[in-house]
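Here you get one chain, nothing else, as structure tokens; it is the form predicted on its own.
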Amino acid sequence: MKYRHVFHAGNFADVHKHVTLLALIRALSRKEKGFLLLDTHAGRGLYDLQSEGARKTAESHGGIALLEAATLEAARHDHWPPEIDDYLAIVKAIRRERSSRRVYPGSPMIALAAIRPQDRAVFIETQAEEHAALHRLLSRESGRIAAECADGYQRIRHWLPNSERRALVLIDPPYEDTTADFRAVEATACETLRRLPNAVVAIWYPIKHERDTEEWRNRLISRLPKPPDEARTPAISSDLWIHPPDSRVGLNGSGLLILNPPWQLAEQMANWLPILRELLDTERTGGATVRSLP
């Protein structure tokens, strides 16, 4: 059976990923010139949290539901991050537009709520059923939005380099075949930077065992093409785990590797990530870290 994100929609990893995605879009929007947003594994775009699959796992109860409940206590935080408010406001607006509190927006809907008229977006999904749902969702969007049923890894070659010469590439595979996907992610990240050296690349990855994760990140960084006049491509990692990262019990945490991170992103993450951990790690067995990579 093919991976179905509806089983995991709105969980702690989605919260981590979507808060970060929004922060990246806002950072790129500081410049007036438009950019291309390219999502290699877009999914269906919108999920029903009351569907059989979502109710079976109830993972959203440990993600978006916890965060929404926490907004009632937000005044108690001395430094409540605007990035979390931004994310929650967009989720609320999409639910209001759809007249349903039971839906959760995937990355395409989150992105479309934030990009500007001068920006473009391409959402790629390989599963025909998921793509059909995404296509219906985006059918009323303007010509600056495209939804493709294709291999997101391969389509990088078609879309980059782009006319804007600025891009945000989100690589978020299901890791159904963990070894194959990790290798494909490495190759795609390298190809992206060969074609557009200044592209901002956001790679989501599961944290199942700390040592394996560290080895993979180091290997990817070592393979990246060197940018002009720089010793290496700047990179930061943002890890959030709610179970001990070496427990081998399944999905312990959520990681994001950001290549060519925007200015001050790491400092901003250092403010909001501990609060996400505080709110989502209800058993107090996890942790969070933001760091630059060598």
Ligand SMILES: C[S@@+](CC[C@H](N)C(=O)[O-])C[C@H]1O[C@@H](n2cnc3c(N)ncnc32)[C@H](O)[C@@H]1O
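Quantities reported herein were computed from a predicted structural model and do not represent experimental measurements. Start at 1 and count along the sequence shown; that's the residue number.
The protein also exists as the form predicted in complex with this ligand; that form is not presented, and the subsequent description refers to it.
Asker: On the criterion of a non-hydrogen atom at 4.5 angstroms or closer, are 14, 153 and 172 all touching this ligand in the predicted bound form?
Answerer: Per the other structure, all of 14, 153 and 172 touch this ligand.
Asker: Pick from 43, 245, 261, 255: which has a non-hydrogen atom within 4.5 Å of this ligand in the predicted bound form?
Answerer: The residue from 43, 245, 261, 255 that makes the contact is 43.
Asker: Wondering, does residue 47 line up within 4.5 Å of this ligand in the predicted bound form on heavy atoms?
Answerer: Taking the distances in the predicted bound form, the answer for residue 47 is yes, it comes within 4.5 Å of this ligand.
Asker: Quick check on residue 107: any heavy atom within 4.5 Å of this ligand in the predicted bound form?
Answerer: Residue 107: contacts this ligand in the predicted bound form.
Asker: So in the predicted bound form, does any heavy atom of residue 199 sit within 4.5 Å of this ligand?
Answerer: The answer is no: residue 199 has no heavy atom within 4.5 Å of this ligand.
Asker: How about residue 277 - does it come within 4.5 Å of this ligand in the predicted bound form, if we only consider non-hydrogen atoms?
Answerer: No, residue 277 sits far enough from this ligand in the predicted bound form that none of its heavy atoms falls within 4.5 Å.
Asker: Out of the stretches listed (214-222, 161-169, 187-195, 144-152), which one is close to this ligand in the predicted bound form, meaning heavy atoms within 4.5 Å?
Answerer: Heavy atoms within 4.5 Å of this ligand in the predicted bound form occur in 144-152.
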